[in-house]
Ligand SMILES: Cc1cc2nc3c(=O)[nH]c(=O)nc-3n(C[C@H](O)[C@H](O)[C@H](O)COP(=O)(O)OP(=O)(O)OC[C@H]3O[C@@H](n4cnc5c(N)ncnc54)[C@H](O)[C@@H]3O)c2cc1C
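Given as structure tokens, the chain that follows is alone and in the form predicted on its own.
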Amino acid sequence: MMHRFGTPSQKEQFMEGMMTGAVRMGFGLTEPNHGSDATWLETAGVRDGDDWVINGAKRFNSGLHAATHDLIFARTAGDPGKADGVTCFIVPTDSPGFEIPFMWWTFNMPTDHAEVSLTDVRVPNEAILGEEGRGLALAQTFVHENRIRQAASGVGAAQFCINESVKYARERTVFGKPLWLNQAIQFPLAELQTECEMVRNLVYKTAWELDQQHHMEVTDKVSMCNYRANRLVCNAADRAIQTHGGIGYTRHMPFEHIYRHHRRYRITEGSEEIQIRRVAGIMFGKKAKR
């Protein structure tokens, strides 16, 4: 986002630090009352001379366990429900009025997702990333890249679960014969392997297309990759637990962690229902009607 949308001075200020780790950027889009419906943000930015004053709250604000700055999306103009009028601000996390009441304890244990309150947080006009009022277009670029990354990691983790299950089933002996001889073991893993091959190739194709053209031109393909890969890895981790039996359910094996880690991706960056709606919207017109 900084490379694509930052001004020359912002790149000079932040890029090297972002690469070395001296600068860490959080991502603050979701709010207590608004998740996937980002056009209805209640966090507001009001101009005050050469500065902006931001008030509002963010939920599941990513990266704040280590962030030096937070990308805060706030409505600066326009009506609620409209895409235009939302602006992205680079806000130092040590700014007066920027508070982190707590970090969310989730299914994936303690996470990097914070609750954030913003009370009269003041930033200069130079803190705007991208165009004023066009912050959601910037956010859309970010989530597209994150959705394809999630899909790729999901396919890789799913393949690991399948491979480990096959290995275990070949080595394990039950009732006097190898476990893999049971079709109840073979068939679910064969189904998962088939789906893994299909989703992997869709991810490769979509990632290539994403490099060739504007991300919105393949938005439906990105959504397809995301929700199918996220489901796939959850199914594969669950099957690996089942194949390994009691030992698979323990934390001495990696499968329960894989499930917990990837289960969140069926919600983050737009829930899988949002992804399916995006696909349907392209099928039946530019945007799915309510």
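Bear in mind that the values here come from a model prediction, so they are computed numbers and not experimental data. All residue numbers are counted from 1 along the displayed sequence.
Only in words, not in the display: the form predicted in complex with this ligand, which the text now covers.
K.L.:
Choose from 48-56, 245-253, 35-43, 232-240 the stretch whose residues reach within 4.5 Å of this ligand in the model of the complex, heavy atoms counted.
P.N.:
Among the candidates, contact is made by 35-43.
K.L.:
In the model of the complex, does I274 come within 4.5 Å of this ligand, counting heavy atoms only?
P.N.:
Close contact exists here: in the model of the complex, I274 approaches this ligand to within 4.5 Å, heavy atoms only.
K.L.:
Would Y259 sit within 4.5 Å of this ligand in the model of the complex, counting heavy atoms only?
P.N.:
No - in the model of the complex, heavy atoms of Y259 and this ligand never come within 4.5 Å of each other.
K.L.:
Would you check, heavy atoms only and a 4.5 Å threshold, whether V23 touches this ligand in the model of the complex?
P.N.:
Judged by the heavy-atom cut-off of 4.5 Å, V23 is well away from this ligand in the model of the complex.
K.L.:
Indicate whether I267 is a 4.5 Å heavy atom neighbour of this ligand in the model of the complex.
P.N.:
Output for I267 is yes: heavy atoms within 4.5 Å of this ligand.
K.L.:
Pick from H113, R200, H144, R75: which has a non-hydrogen atom within 4.5 Å of this ligand in the model of the complex?
P.N.:
The residue in contact is H113.
K.L.:
Going by heavy atoms, what in 1-29 lies within 4.5 angstroms of this ligand in the model of the complex?
P.N.:
Contacting residues: F27, G28, L29.
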